[in-house]
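Given next, in structure tokens, is a single chain: the form predicted on its own.
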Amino acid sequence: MTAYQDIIEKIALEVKPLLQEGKVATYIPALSRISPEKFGMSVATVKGELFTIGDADEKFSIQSISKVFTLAMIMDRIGDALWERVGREASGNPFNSLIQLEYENGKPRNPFINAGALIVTDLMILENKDPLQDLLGFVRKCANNPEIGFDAEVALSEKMTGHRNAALASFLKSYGNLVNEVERVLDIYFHQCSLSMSCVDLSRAFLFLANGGTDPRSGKMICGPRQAKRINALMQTCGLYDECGEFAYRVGLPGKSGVGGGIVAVMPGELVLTVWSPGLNPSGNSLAGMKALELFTTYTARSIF
């Protein structure tokens, strides 16, 4: 649909006044220096088409979007055994809540809040001899870009200021729900969040979730259809932290956000849409990005509902 280019160009103009309204993630120093004026958007279709606007080729810190990649890897390795250590329900609380973790006796509500992602990272260490290189290889394969890497400055910045994540990891350890040492889990987790990718990279990397688990470009299976369906379901219910209901109402697609300002949304059977705008709303999701995705599903009259 060549009209996608016209649509995203129209959206970019409409959301421009919103770029200054959000607040960049100042609690991670390396992210606080990113200009809130940045805006990129890309659409990759299962037919091989690509449409872009703005800063769609500029790399940024994908942060919690990385949790989809680690989840896909672990689900492929251990399947339903994952759910013995982490739940599948929406949290309704901030992504770094300690209160909910204590209330539920050390079992995180889902794999996309920080506590749940730390469990997945712990499993990554158990299942991979070199978890960071294996993750990097997986992401590069999904995006078909061998140049993707970790941002060392962001990883260090997260390590120096990630006290809440350190508390969550220690809390999990105290409940016996973390096998590896806290410092090891945190190091892997901070590095995975520092993955540096562009909107184009992310749209291409998520195409397997729009195509039943198979990369439509190469024909190679990334995960099984059952897993792809369930990852999309988890993104729909848990991918935007405590704003999942709002995202479902306004956008109507499975999605995953990160505090770097990126949001990826999947339209199964058709396309992947990625937007990047660093200014965040109070829930930690891109303010202009949310609006851009809402406008896209409005103008195309396409969603899963």
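The first residue of the shown sequence is 1; numbering continues from there. Fair warning: this is a prediction, and the values are worked out from it, not measured in the lab.
The same protein also exists as the form predicted together with ligand GLU; that form is not shown, yet it is the one meant from here on.
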- Selected contact from Phe51, Phe247, Phe60, Tyr241, since only one has a non-hydrogen atom within 4.5 angstroms of ligand GLU in the model of the complex: Tyr241
- Message: Under a 4.5 angstroms heavy atom criterion, identify the one residue in Ser97, Ser198, Asn110, Asn165 near ligand GLU in the model of the complex.
- Response: Asn165
- For ligand GLU in the model of the complex, the stretch among 247-255, 63-71, 263-271, 43-51 with residues bearing a heavy atom within 4.5 Å is 63-71
- Message: Is Ile28 near ligand GLU? Define near as a heavy atom within 4.5 Å, in the model of the complex.
- Response: yes
- Is Asp151 one of the residues lying within 4.5 Å of ligand GLU in the model of the complex, judged by heavy atom distances? no
- Message: Taking ligand GLU as it sits in the model of the complex, is Cys193 in contact with it (heavy atom to heavy atom, 4.5 Å or less)?
- Response: yes
- Give a yes or no for Tyr189: in the model of the complex, does one of its heavy atoms lie within 4.5 Å of a heavy atom belonging to ligand GLU? yes
